[in-house]
Structure formats: C-alpha cells, structure tokens
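For reference, the chain that follows is the form predicted alone, supplied as structure tokens.
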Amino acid sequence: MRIDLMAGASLSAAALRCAAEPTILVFDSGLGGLTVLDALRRARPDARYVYVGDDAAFPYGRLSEATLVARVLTVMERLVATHRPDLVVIACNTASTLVLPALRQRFTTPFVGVVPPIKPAAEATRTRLVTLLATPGTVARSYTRDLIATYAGACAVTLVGSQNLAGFAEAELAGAPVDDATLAAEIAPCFVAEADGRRTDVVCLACTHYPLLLPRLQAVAPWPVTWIDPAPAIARRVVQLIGPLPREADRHGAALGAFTAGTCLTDALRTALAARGIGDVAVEAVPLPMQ
C-alpha cells in the first residue's frame, strides 16, 4: 500500500505527535471510508473523529475530473473551517489519485491519501496472477498503470472496473443487500485460471467501499484468495504522524458523522453508524452545482 502525505505542511510530524486528543477528519464519497475509520479508531481510540460522506455527489466516478477536483475543494473548504482537523484522511481512491495535489496547494492541513495497493499485492502473490478490483475511473487512470509498471512488472495484473460494487456496499449498510448471485457475478472477472494450473491468488480492494463487503466476497468467491484491504496501512501511516496511543489518554474519543445530502440515512444505516461509534450524525448540506 502506498500512502501519500502532504509535503510542506505547516504542522510537522513532530508537532502532530505532540498534539493531545488530535482531531482526525475522514473523508469519502460515501460510506467506504468507514473501513478506514474502524482501523484508525483501533489504533488511536482517544482521537476525536469526524467522518464525512459526500453523498450529494456519490458516486464520484460519474463526475468529470475537473468537476471532481472542484467539488472536493469546495467541500473541504467548509469542513476545514468548521472542524479544524489536525489531519485529514482522504479515504477514497478516486479522490486521492486526482485531488491530493490541489488539496495540498490549497490547505496547510496535512492530508493522507490512499491509492491502489499494487506493491503489497505483488509481494504477496505466489502465482503472479493478481487482480486489481476498483472503480472504472481508477482502473482507467494512468496513475494506476504506472503503479503496476513500477511494482508489479513480473505479474499479470487483471484490471476489473466494477460499475456496481460501491453501490452494493452502500446498500448493504442501508439494509438492502444484494443477493449472493448478483455479488458473485460482479466479482467473477477477478478470478483467472491459466492453462498451466495457475490461478489468481491476490485481489486488491482498490476502493475503500469494498472491504465493507469482505465477508460476503470471501463467501461467494470461486476459490480462496488473499484480499488486500487498504485500511490497516492507512492507520499505520496516521500513527506514524501523530504517534501511538498515549498511556494516559482517554480511550473513548468522540466520533461525529456528517453527510452532504443525508439521503442515504436510513434507520438501518444509522444503526450501523452507531455500531461504529458514530451516534451523532448531521447533514452539512453542500449541493452539487447545476451542470
């Protein structure tokens, strides 16, 4: 997993490590960043967390690159001013691969982003048959192909751009899961069997939404594989910056939730958020501009 950190931030890593009860803002297009939030809260349960889902613009894959950059900058202006985070995690592959440079230019707050975990996949595979499961936009991006050329040149990497899996993950938490057959059909292209007997043995989950479905993906897969979840690597990077849990720390930091439309907030989803420690949920409306 490659994690990107803002260079030249006004807060140095040393300063962040000295911050008491840091405020960490986790940002995603929808609910996928909850997998990252879970990993962060296990590592630093004392921190104050603000989870923001930009559901007014979900899915990001339907936006042009220019529109997406402008959208994230607009939302982040409001979030940084309102919540004053010590660090922001962009828990979205699509946004990370496109918007991080603009965010780093605009803000002094440090940003940690996530991009496709090609390197650990290449290190984990034994058959040299790897699949990158991502959104169509991430699959098509030259950034992704450059990572493959750099870190997985000895592997055959199958690129699978799923149109529906992020939506399936959102539906799962909202209490309307798809059936097993539909889920199995969506991931079927990930599994490649060669004439020499080799089969895909590693699948990179290159969208933070996908680990929300991991137990079901494991159950419907045609054979066992190693699934690479990006969340633990993100949590490790954040801990490197802000330090481990202090011995004297309050281990029950607050967690707030906010959505830019709130249309996704079913009773089932509110229950799922509460189970993750997010009992206080607000709508901070940031509508999409007229196209």
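Residue numbers run from 1 along the displayed sequence. Please read all numbers here as calculations on a predicted model, not as lab measurements.
Below, we turn to the form predicted in complex with a small molecule, even though it does not appear here.
Although the partner is absent here, Y60 is a contact residue: one of its heavy atoms lies within 4.5 angstroms of the small molecule in the predicted bound form.
In the predicted bound form, no heavy atom of C204 sits within 4.5 Å of the small molecule.
Using a 4.5 angstroms limit between non-hydrogen atoms, A166 touches the small molecule in the predicted bound form.
With a 4.5 Å cutoff on heavy atoms, T131 does not count as touching the small molecule in the predicted bound form; it lies far away. Using a 4.5 angstroms heavy atom cutoff to the small molecule in the predicted bound form, all of S29, T135 and T138 count as contacting. Residues placing heavy atoms within 4.5 Å of the small molecule in the predicted bound form fall in a single listed stretch, namely 206-214, out of 121-129, 189-197, 174-182, 206-214.
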